[in-house]
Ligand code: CP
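This document starts with one chain, in the form predicted alone, laid out as structure tokens.
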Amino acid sequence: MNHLLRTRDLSVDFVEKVVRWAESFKRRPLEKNPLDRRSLGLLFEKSSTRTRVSLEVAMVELGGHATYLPKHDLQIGRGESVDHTARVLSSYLHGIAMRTGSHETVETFASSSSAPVINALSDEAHPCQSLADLLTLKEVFPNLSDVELAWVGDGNNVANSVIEAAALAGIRLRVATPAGYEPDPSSINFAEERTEVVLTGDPAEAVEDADAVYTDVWVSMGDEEERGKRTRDFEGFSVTSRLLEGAPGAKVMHCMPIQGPEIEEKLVHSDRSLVFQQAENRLHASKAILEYLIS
């Protein structure tokens, strides 16, 4: 049995296989039902649009069933231990996807679960998003080892997973964040062992001649009380048409939801945008992940 907790835990072979299967599901979405009579639990402590819906639809289209399990509807919301919840739910279900605040909670749950656990977002990682992003980049740039990807903005959970996924695919990275908002050092160390990584506090340096420029919200779930401070600290880190003058051919990426200051709205709807392609590809990547883990 395998879990999907962080992108860096995956092998290159796993990543290549998931992307290849996701491409196949996108071309032929309803060709087979490998998850017939299989059930997935969605244990979510936080709100979700793309992650929840893509996993639910993926299960249905693969012949299985998804059960939504918000924390406030479970005994875990009244003090039952993570260990007990994991042991019970994994005896009913073929897999559990968790969206939670603390990455430690996901790890604890997985250590007690007899069924595969998928990290559907924690404060440290978002591996499902990063695999969909690789599918998106491969659709545009078939040879990923030739790609230069710039990350501009907060070095958050999505950044950690994108950096790790890019490293596994051989994508070269440039990461621009304000001081104090750098990605997890362990994610950077993982990437530096596998690909070229440039860290900078200058967005213009990061995006120069990049093939794709990725950004995310400046205020993630759980950081709302810091909105004012973060908005000030991230001044100058917006992905704008002016910033992209140094990368005239670059595509723009964002995992959504979009809050506004981190990227110009007109770029999101331009022919440079991969944003909605990324969102759609969450479904196809989810199918590949689920078939691999719980079929």
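Everything quoted here is computed from the prediction, not taken from an experiment. Residue numbers run from 1 along the displayed sequence.
Same protein, other form: the form predicted in complex with this ligand, not shown, and the subject of what follows.
Annotated contact segment (heavy atom within 4.5 Å of this ligand in the predicted bound form): 126-134, selected among 78-86, 126-134, 184-192, 198-206. Taking the partner from elsewhere, P257 is found to have a heavy atom lying within 4.5 Å of this ligand in the predicted bound form. Shown alone here, T51 lies within 4.5 Å of this ligand in the predicted bound form, counting heavy atoms only.
By the criterion of a heavy atom within 4.5 Å, N33 is excluded from the residues contacting this ligand in the predicted bound form. In the predicted bound form, R282 approaches this ligand with a heavy atom inside 4.5 Å. Contact annotation for 84-118: a single residue, R99, has a non-hydrogen atom within 4.5 angstroms of this ligand in the predicted bound form.
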